[in-house]
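Each of two forms of one protein chain follows alone as C-alpha cells, named structure 1 and structure 2.
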Structure 1
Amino acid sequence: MRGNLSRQTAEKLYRMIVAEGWLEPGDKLPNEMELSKELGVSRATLREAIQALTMQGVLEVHRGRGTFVSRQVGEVEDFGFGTLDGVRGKLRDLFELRAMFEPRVAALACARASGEEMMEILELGRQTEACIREGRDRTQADRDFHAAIVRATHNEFMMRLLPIIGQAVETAIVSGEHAEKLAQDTLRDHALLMEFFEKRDPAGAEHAMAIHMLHAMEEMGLEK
C-alpha cells in the first residue's frame, strides 16, 4: 500500500462514506474511540485522517458533539457522476478554470514578452520536451515552462494565481495514473505552442494552448 497509515485511513474512510453508502450526508460518525478500534488504528492516526477529510470538506467536526458527514459531499457526487471520487469533480473544476486562463495568458505573454523572456520560454519548452522524450519526470520542467509564460504577461495576479491552479492540478493528477497518456499529447501540443511563440503570434499561441487544455481534459475523461 502507498502512503502513510493516516493517509490510507483517510482514503478508506472516504470510500466508506462516498462510494459505499455507509453514511448519508449529515450523519454522525461513531466516536473516535470506537471508530479507531473498528479501523484498526490508534486514535491519533484516526484523528489525522479525520483532519485531512475535514480540510477536503468531507467531514465536519464539532467539539463535544461529534464528527459528521458534510452535506456538501452529496453535491460533489452529482457532478462527477461517479463512484471514484470527489476528486474528479474537483479536477473538472480546476481544469475548467485553467482552460479559461491559460490560452489568454499565452496570448498576452506572446505579445508582451521581452526578448530575454521569450528566449527563456523557448529554452524551458525544449527542456520539457527533452524530459518527455527521455522518459524522465517532467513535472518540474513543465511547471517552470508555464511559470515563465505567466511571468511574461507582466501581470502580478496571474503570477500568483496560475501556480496555485497548476499545483492543485498536479496533486490531483498524481493521485491517478493519467501521466502516461498525457505525455504524448503534451509533446505535440508543446511543439505547436513553441511554433507560434517563435513567430510571436498571440492568436496562434492562444489557440495552441487551448488545444493543449482540451487534450488534457479529454485524456482525463473530463467533459466540457
Structure 2
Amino acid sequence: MRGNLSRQTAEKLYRMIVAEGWLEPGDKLPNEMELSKELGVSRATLREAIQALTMQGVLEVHRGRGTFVSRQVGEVEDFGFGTLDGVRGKLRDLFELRAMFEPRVAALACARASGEEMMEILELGRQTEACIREGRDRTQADRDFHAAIVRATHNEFMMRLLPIIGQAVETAIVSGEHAEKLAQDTLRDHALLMEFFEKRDPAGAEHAMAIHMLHAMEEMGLEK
C-alpha cells in the first residue's frame, strides 16, 4: 500500500539526513522529480513522505523556495519506531501521554473549532468509520481524524504533539494483536465522540476521548 511505502520513504530520507549526513541543517532538498527518481518512488509517495517529515520537524517547506532540512533536525526524536522491538513499552508510554492530554484537547477543539473545522472533523470521523466497516486500512484516516481535532484547538504547542499522536495511532494499528477488537472499539468510541462534537458539548467530548484512550490501552494490554 502507498501508505506503507510513503512511511518507508520517510524513514529512508530521515536516515539519509540524520544518520548518514546526506544533507546539512538548512540545506535545500533536490527538486521533486530528481529526488523521487533517486529514491525509486512516485512523486505522490515522495510528497507524503515529505509531509510526514515536515510534521515531525525534520523538514521545512518554504513556499516559492523549496523544502529545506530543519536547522533543529538534530533535536528531533524519531521515537524508536524504525523497528517494532520494544514496541509495547513505547506504546504504553505514548498512550499514557495521550490519555493525559487528548481528552482535554477534545474539549478545547469542541469549543473552539470553526464551522469549517467541525465539518472536517466529522467528515474524517466518517471516513475512518467507512474504512473499518469496509475492512480497509484506516491508518491514515484515523491519524487525520485525531490531527484535525488537535488543529481545532488553535494551540501552537498542541500542534507539536501531532507526530506523537500519529506514531501512536499507526503503531497500534499495525502491531496490535487484537486488531479486529481494537477496530470495533474505535468504531464505537469515535461514534460517541462525534456525537458530542456535533452537539458542541466540550465536557462530553472530553469524557468520550478519555473512554477511547482507556479502551485502547485495555485492549492492547497497556494499562498499569
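Counting starts at 1 and follows the sequence of structure 1. Keep in mind that what you see is a predicted model, and the values were worked out from it rather than measured. Take the two forms, find the largest set of C-alpha atoms that superpose within 1.5 Å, and that set is the rigid core.
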| item | value |
| --- | --- |
| Form selected (criterion: the form predicted alone) | 2 |
| Core-superposed C-alpha of residue 191 shifting 2 Å or more between the two structures | no |
| Core-aligned C-alpha movement of residue 10 between the two structures, 2 Å or more | yes |
| Value in Å for the CA shift of residue 53 between the two structures, taken after the core is superposed | 22.0 |
